[in-house]
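Single chain ahead, written as C-alpha cells, the form predicted on its own.
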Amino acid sequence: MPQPQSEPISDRISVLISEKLGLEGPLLPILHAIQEEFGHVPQGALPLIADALNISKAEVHGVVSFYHDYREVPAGRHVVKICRAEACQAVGGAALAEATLAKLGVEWHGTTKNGAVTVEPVYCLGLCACAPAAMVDGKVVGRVDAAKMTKLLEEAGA
C-alpha cells in the first residue's frame, strides 16, 4: 500500500534505486520497490532508473509495459484478478470476465469511477481443479460464478 511521502518523489525514487543497485540484475527489484512504495511506477521514475543503470528510458519502459504486474497509474483500493488460463476459460471464465467487466463498466486494467476496484487479467492462479478462479486483494478464490463475483465485488465496495 502506498505510503504518504514527506520528501519529494524523485528523491525517494533515487533512494529506492540506490538500495538495489548492488544487486545482480537490479532492474526488476528496483521496479518492485518503487511500485511497492507508490502503488505504481511513476513516469518520472523511468529516466532516473535508466540513468542509474546506464540503459535507455525505452528499455525501462519496455520492461514496465511487458510485465502485467507493473502499473503506470495507481490501482483502485481493491484489485480483482480474473484467471484467463485455459482451464478457467473451459468452465466459464471468459463469460465471468466479460460479465464482471461489463458490470463495473471498465476494460482490463481499468479502475471503477469511484476508485474502489481495478480489474486485471492473470494467467493461472494454480486453482485449475477449482476453476474458474479469481484473486481479490491477494486472496485466491475458486469456483467463482456470477453470484460469487457479485458478492466479492460488493465486499470490495464496487
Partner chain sequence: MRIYVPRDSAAKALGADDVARAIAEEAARRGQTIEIVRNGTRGMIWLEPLVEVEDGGIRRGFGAVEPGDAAGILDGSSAKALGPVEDLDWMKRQTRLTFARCGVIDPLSLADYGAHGGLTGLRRALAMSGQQIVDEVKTSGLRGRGGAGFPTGIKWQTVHDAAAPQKYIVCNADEGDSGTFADRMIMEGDPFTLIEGMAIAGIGTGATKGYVYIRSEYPDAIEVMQQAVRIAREAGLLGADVLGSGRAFDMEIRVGAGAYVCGEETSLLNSLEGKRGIVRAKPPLPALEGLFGRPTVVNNVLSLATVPVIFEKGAAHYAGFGLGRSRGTMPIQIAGNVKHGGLFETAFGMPLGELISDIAGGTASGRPVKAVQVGGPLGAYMPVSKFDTPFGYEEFDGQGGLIGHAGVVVFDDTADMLKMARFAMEFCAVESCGKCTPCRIGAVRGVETIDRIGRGDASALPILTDLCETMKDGSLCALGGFTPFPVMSALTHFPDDFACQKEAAE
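Just so we're clear, the structure is a prediction, and the values are computed from it rather than from any experiment. Positions refer to the first chain, counted from 1.
FYI, the form predicted together with the partner chain isn't displayed, but the following is about it.
Think of it this way: in the model of the complex, the partner chain has a heavy atom of just one of Ala50, Ala116, Leu104, Val122 within 4.5 Å, and the residue is Val122. For the chain shown alone, Leu23 is a contact residue for the partner chain in the model of the complex, at least one non-hydrogen atom being within 4.5 angstroms.
Though the partner is left out of this view, Thr112 does not reach within 4.5 Å of the partner chain in the model of the complex, counting heavy atoms only. A residue is said to contact a partner when one of its heavy atoms sits within 4.5 Å of a partner heavy atom; His32 meets this definition for the partner chain in the model of the complex.
Although the partner is absent here, His78 is not a contact residue: none of its heavy atoms lies within 4.5 angstroms of the partner chain in the model of the complex. Although the partner chain is not shown here, in the model of the complex the stretch 48-69 places heavy atoms of Gly62, Val63, Ser65, Phe66, Tyr67, His68, Asp69 within 4.5 Å of it, in sequence order.
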